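As structure tokens, one chain now follows by itself in the form predicted on its own.
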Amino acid sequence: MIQAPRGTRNFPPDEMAYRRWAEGIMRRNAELFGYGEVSTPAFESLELFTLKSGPGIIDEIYAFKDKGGRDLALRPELTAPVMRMVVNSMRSAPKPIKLFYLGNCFRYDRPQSGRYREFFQFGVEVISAGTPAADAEIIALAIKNIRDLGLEDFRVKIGHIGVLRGLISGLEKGVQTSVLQALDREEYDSLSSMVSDDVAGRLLNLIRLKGDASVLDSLGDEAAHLRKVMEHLSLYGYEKYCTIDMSVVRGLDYYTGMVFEIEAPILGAEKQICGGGAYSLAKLLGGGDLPSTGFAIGFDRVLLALEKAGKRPEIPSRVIYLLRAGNVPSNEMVKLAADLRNSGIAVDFPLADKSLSKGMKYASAMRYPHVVIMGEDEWKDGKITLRDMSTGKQETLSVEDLIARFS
């Protein structure tokens, strides 16, 4: 028996109904904030990802040559492809450009709980804004998505790469990158080999800065942008979820300002479910200076957190199951199913002869909420019996009334 490749999954109908429910919430929220959906190819030029993340990423992704000898890769994330699309074909679009996406990504990771080789990512990007309002909106949208899915225990940690860069601005570019990468990996002991003891001490003091917005007072004017972001988040009513945490660092050069992470403690050590921040990637891809802010939610990890928290909802079926009894011709059942479907009502019915009792058992096993029974006597009068499968209650209706109720 051929199995699915390691690190991938199959999603049966009940799982897909759950995932589509979650996707629907995220899509509606993005649209509420004025974002439009986009989609990019599942594979891209390998250079797109090495430009963004460096050549070391090749060991972590699915890279290959096509039949023409071109170096390609399955996308390991979606920000770079979306920015490539913007640079290719949307540079003249009205600014800011507000985009969202949901798609599958691929990384050659060791599979473990909540981590797969094919995984799904929901994200948004606001391009050519670069203001505190834009940064706060991105964080607010991420929070709203997670809240609306039903997850209650989560926390948002917010930092600012720009403030850290200010402490090392006099160093060579390569040294700055090494310092930020060390901070990102929490390799604090290595700082002494890169910077003076004074600079190392100030960096360590800065990344220890944690708390509410008042902790920013010690930073003076350097933190004016972050204060404004926190002010906006309080207007959204989300300040209770947010903490200033200057240890949130990104080791990649294109991150420029505010950065944030969202954690779900119920997931244990692998608790991050969302990450984002302000960046300047378009310039790297040949598109000029387009300051941007975005986030990516680990779709699979959020669903896992919901499940572990006991918050996974039952997604009810909307399908009516149609049965006939007595001598009602099968053609009559097919005709009624067609009429209901043409009225926008989801209907299933037996595709082979099935007794009423077996049909009811099937409807129960499939968790169909309602069964319509075409009884011989009722059908002669143009009526049907509607059974509520959760309560067992039955009532007799005309076909017109049935259509009116479920349309």
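Predicted model only: the values in this text are computed from it and were never measured. So that there is no doubt, residue numbering starts at 1 and follows the sequence shown.
The protein also exists as the form predicted together with the RNA; that form is not presented, and the subsequent description refers to it.
In summary, among the residues 63, 38, 345, 57, the only one with a non-hydrogen atom within 4.5 Å of the RNA in the model of the complex is 57. This chain is drawn without the RNA; in the model of the complex, the residue among 376, 31, 47, 381 with a heavy atom within 4.5 Å of it is 376. At a distance of at most 4.5 angstroms from the RNA in the model of the complex, none of the three residues 10, 118 and 128 contributes a non-hydrogen atom.
In the model of the complex, the RNA sits within 4.5 Å of a heavy atom of residue 325. With a 4.5 Å cutoff on heavy atoms, residue 110 counts as touching the RNA in the model of the complex.
With a 4.5 Å cutoff on heavy atoms, residue 388 counts as touching the RNA in the model of the complex.
At the 4.5 Å threshold, heavy atoms of residue 95 stay clear of the RNA in the model of the complex, well away from it.
Screening 291-299, 192-200, 267-275, 170-178 for residues having heavy atoms within 4.5 Å of the RNA in the model of the complex returns a single hit, 267-275. Residues of 179-199 lying near the RNA in the model of the complex, listed in sequence order, are 184, 185, the criterion being any heavy atom within 4.5 Å.
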